[in-house]
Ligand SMILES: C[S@@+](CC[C@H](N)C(=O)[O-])C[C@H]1O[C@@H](n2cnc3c(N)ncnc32)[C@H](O)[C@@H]1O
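Let's start with one chain on its own, the form predicted alone, as structure tokens.
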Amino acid sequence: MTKSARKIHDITEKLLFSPLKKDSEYILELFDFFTSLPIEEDHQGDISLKNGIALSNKNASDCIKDYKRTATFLRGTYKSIMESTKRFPNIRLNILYAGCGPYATLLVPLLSFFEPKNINITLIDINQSSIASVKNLISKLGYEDYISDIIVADATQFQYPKNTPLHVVVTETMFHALTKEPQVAITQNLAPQLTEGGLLIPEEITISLGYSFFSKEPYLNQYDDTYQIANSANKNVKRETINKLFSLNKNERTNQKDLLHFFESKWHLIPENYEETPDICIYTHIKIFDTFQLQDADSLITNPYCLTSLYNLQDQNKFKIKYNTQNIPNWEITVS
């Protein structure tokens, strides 16, 4: 094991098997380790795709510091690989990491906990500088034996070799309420390519609709490279949940690639009294794997999202909402 591989192994070992209260400390160690290494200059920046925005090198690397997200994804991914070794015994697991960024953050720290003969990794990203950077990282760590391919590719279109079973897909290309980034389109493309019994990470993303006083909602914010809950005193803010809108997993909502709107709700009557809960909000819950989950405001990607104020609709009788994956994924509201 190289000196660099030993260092990242020791950080990750603490993260996986030590008390959760030190997550922020361990993730900052991981961030410092990655950012101490040379990185390719990024001439592309954020890249606009047909179904969302792929992040630049810098923006992708900054996501590491959203510590609960990174820590929970690493633990969930680790457990999913352990589970896959049971589901597919005596087989070298084929694992695809889509949108890996410059460090393949959710997979590379885990590699030293497995033998190269047991896992076979494909890394893809549409950003050429991210791919160049992750190739350098793999070389520095001495992890070449784990890697099948490192490819510049659009994960919304990528086709895994048809005669090779795909056991695990890892992809985290999300912004809050599934806006902006192409998580849905990537899932729609890759989840159907999993072999029978294969695992998708995250396992399930659930989107719900509710009424709240949005300015009182707790949300995660970044202050000087640290992440803190704003409005934490309002953790029990009054909220009226209307219903679950949809879940995104390997079995549901992966067969609508040609529809303009990925989701359209039923009509909802505008309530008569909404003084205490005047805002229409979208909530995100992420089940990464098994018990490893991100709840409201645990992460930037599970912050609540305000669609509009009910005061803007006071001359209307009802509304419905649509989630559109074309160009830049977004939510739209229609009134009647």
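Computed from a prediction, not measured in an experiment: that's the story for all the values here. Throughout, we count residues from 1 along the sequence that is shown.
What follows is about the form predicted in complex with this ligand, which we do not show.
**Q** State the residue from 126, 209, 138, 205 whose non-hydrogen atoms include one within 4.5 Å of this ligand in the predicted complex.
**A** Only one listed residue qualifies here, and that residue is 126.
**Q** Determine which one of 79 to 87, 141 to 149, 176 to 184, 242 to 250 lies within 4.5 Å of this ligand in the predicted complex, judging by heavy atom distances; exactly one does.
**A** Going by heavy atoms within 4.5 Å, the stretch is 176 to 184.
**Q** Answer for residue 153 alone: is it within 4.5 Å of this ligand in the predicted complex, judged on heavy atom distances?
**A** Heavy-atom contact with this ligand at 4.5 Å: present for residue 153.
**Q** Under a 4.5 Å heavy atom criterion, is residue 300 part of the interface with this ligand in the predicted complex?
**A** Output for residue 300 is no: heavy atoms all beyond 4.5 Å of this ligand.
**Q** Could you confirm whether residue 217 comes within 4.5 Å of this ligand in the predicted complex, counting heavy atoms only?
**A** Result no; residue 217 lies far from this ligand in the predicted complex.
**Q** Any chance residue 96 has a heavy atom within 4.5 Å of this ligand in the predicted complex?
**A** The answer is no: residue 96 has no heavy atom within 4.5 Å of this ligand.
**Q** Considering only 80 to 116, what residues come within 4.5 Å of this ligand in the predicted complex, judged by heavy atoms?
**A** If the 4.5 Å heavy-atom criterion is applied to this ligand in the predicted complex, 80 to 116 yields 97, 99, 100, 101, 105, 106.
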